[in-house]
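As a starting point, one isolated chain is supplied in C-alpha cells, in the form predicted on its own.
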Amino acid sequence: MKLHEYQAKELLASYGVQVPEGGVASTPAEANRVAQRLGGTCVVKAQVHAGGRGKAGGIRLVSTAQEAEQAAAALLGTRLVTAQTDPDGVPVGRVLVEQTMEVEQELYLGILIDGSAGSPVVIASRAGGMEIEEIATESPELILRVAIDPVVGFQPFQSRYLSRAMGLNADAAKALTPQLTALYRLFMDRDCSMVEINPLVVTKEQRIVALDAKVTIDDSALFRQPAMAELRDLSQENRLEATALEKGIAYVKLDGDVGCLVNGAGLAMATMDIVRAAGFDPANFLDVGGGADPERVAETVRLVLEDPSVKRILVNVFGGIARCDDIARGIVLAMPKERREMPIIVRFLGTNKEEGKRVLQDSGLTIHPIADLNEGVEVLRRLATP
C-alpha cells in the first residue's frame, strides 16, 4: 500500500526525520493560505501515486501566494499522466505546498527488503535527484548497499561508511546518522516494504532534509497497522484492483488479453509464465483462493470480464479445498448472455474434476477442455489465428 508524499512526510517527521515546512491543500484557496504562511516563494506538488511528476508538469515553483493558488487550480481536479501511469493518468485531489530550500548536495536513500539477503537493505547514492534505475544503468558504481541485521538493527558505523562513500563532510555525516536511525525504526515499526527519499538533501546549513518521500506498507501487515490502512487512497489505484481489494480478491491488472482464473498464487504465476512463453500476454494475475464457493468464484470471473481487453479466459484449477465443480458453477453463474461466446480454456485436476467438466459441458458456454497447459497453448494459438 502506497502513501502520498504528504502522508509519508508526516510519518517521517513523527520519527524525527527532517522534512520541509509546508502543508497540504485540497482547494486553491487553501494553497494560497499555506503559501502566505511560507512567505510566498514555494513549490506546489501534485499528490499522486506515481513518479515522474516534475517532467509531467505536476511540480511547480511559484514566487507568490497568488501564483500558488493558480498552480493549485491548474492541478486540482485534473488527471496527471506521467511515465509511470497508464494513458488515462491518475486524479489529483490534493497538492502539497512546501518551502523551497538552498541545496548544497542531493543524495538518494532507500530501505527495502532484499529477499536474497534475507534482511532489510539500505541503498544509497550521491547521485540524488535521478531515478534509481537510471543510476544503476548509467553509473552502477555509485550504488551503495548495506544489509541490516534485524537482530541488532541499524548501527552508527554503517552510517559512517555511507557518509564517507557519498563524500559527505563531517557536519553532514554527523547529521545523517540520527536521520538514518530514525528511518530504519520507522521502516520496522510500520511494516514497510520500501521507504525511499529522493532526493535527500544537504542544505547550506548542513542539515539533512527529506525533500521527497515514498513509503510503501506491506499489504500483508495491514491487519496490525490500522492507522496506516486508513491512509489508503483507492482513487489512485486501478479501478479493477480497487474493486478486488474491497472484495478481498487477490487480483492484479496486467496488459494482455488472456484472462487467467487460477487457484493458488504459485500456480497462477506459473500459468502466466506459460502464457507469456507461448507468445501471449496475460490480462491479470488472479488467485481464486482455497475454499471458494460458486458465488465467490462468480465474483472473480465478473472481475476478469470487466476488463475490456480480455478476449479469452484460461482456467487452470487444481481442486483441493476449492473443488472443481464449485469453480465450474461459479463460471456459469458469472457469464452474462452477451459474453457466452467468449472462449474459455479449462484445465481441471483434483477434487470433483469430472463433475466440474460436466457442469461446463452442459452450460452452453464456449468451453475448450484441455488435459495440460501444452494443449492449452495450442488452443490459444488456434483461437488467435484469423
Partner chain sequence: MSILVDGNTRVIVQGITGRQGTFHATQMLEYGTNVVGGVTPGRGGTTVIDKVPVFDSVQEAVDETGANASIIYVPASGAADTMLEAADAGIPLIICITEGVPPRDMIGVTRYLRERGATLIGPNCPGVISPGHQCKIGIMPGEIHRPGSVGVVSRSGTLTYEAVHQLTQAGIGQSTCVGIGGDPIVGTSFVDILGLFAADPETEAVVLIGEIGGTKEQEAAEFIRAGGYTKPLIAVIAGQSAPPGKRMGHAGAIITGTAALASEKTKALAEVGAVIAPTAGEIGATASRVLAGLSG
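Superpose the two forms; the largest set of C-alphas matching within 1.5 Å is the rigid core. For clarity, every value in this text was computed on a predicted model and none was experimentally measured. Positions refer to the first chain, counted from 1.
If you look for the form predicted in complex with the partner chain, you will not find it shown, but the lines that follow are about it.
> May I ask you to state whether residue 227 is within 4.5 Å of the partner chain in the predicted bound form, using heavy atom distances?
Because no heavy atom of residue 227 falls inside 4.5 Å of the partner chain in the predicted bound form, the answer is no.
> So in the predicted bound form, does residue 164 come within 4.5 Å of the partner chain, heavy atom to heavy atom?
Close contact exists here: in the predicted bound form, residue 164 approaches the partner chain to within 4.5 Å, heavy atoms only.
> Is residue 241 one of the residues lying within 4.5 Å of the partner chain in the predicted bound form, judged by heavy atom distances?
Yes, residue 241 sits close enough to the partner chain in the predicted bound form that at least one of its heavy atoms falls within 4.5 Å.
> Please tell me whether any heavy atom belonging to residue 90 falls inside 4.5 Å of a heavy atom of the partner chain, as the geometry stands in the predicted bound form.
Answer no; every heavy atom of residue 90 is more than 4.5 Å from the partner chain in the predicted bound form.
> Though the partner chain is not shown, can you say which of 250, 209, 142, 74 has a heavy atom within 4.5 Å of it in the predicted bound form?
Residue within 4.5 Å of the partner: 250.
> Which of 175, 221, 80, 231 has a heavy atom within 4.5 Å of the partner chain in the predicted bound form?
That would be 221.
> Tell me the stretch among 298 to 306, 90 to 98, 263 to 271, 200 to 208 that has any heavy atom within 4.5 angstroms of the partner chain in the predicted bound form.
Stretch with heavy atoms near the partner: 263 to 271.
> Just give me the residues of 145 to 172, first to last, that have a heavy atom within 4.5 Å of the partner chain in the predicted bound form.
145, 149, 150, 151, 152, 155, 156, 157, 160, 164, in sequence order.
> My question is whether residue 256 is one of the residues whose C-alpha shifts by 2 Å or more between the shown form and the other one, given a fit on the rigid core.
Passes the 2 Å threshold, so yes.
> Does residue 200 count as moved between the shown form and the other one, where moved means a C-alpha shift of 2 angstroms or more after fitting the rigid core?
No.
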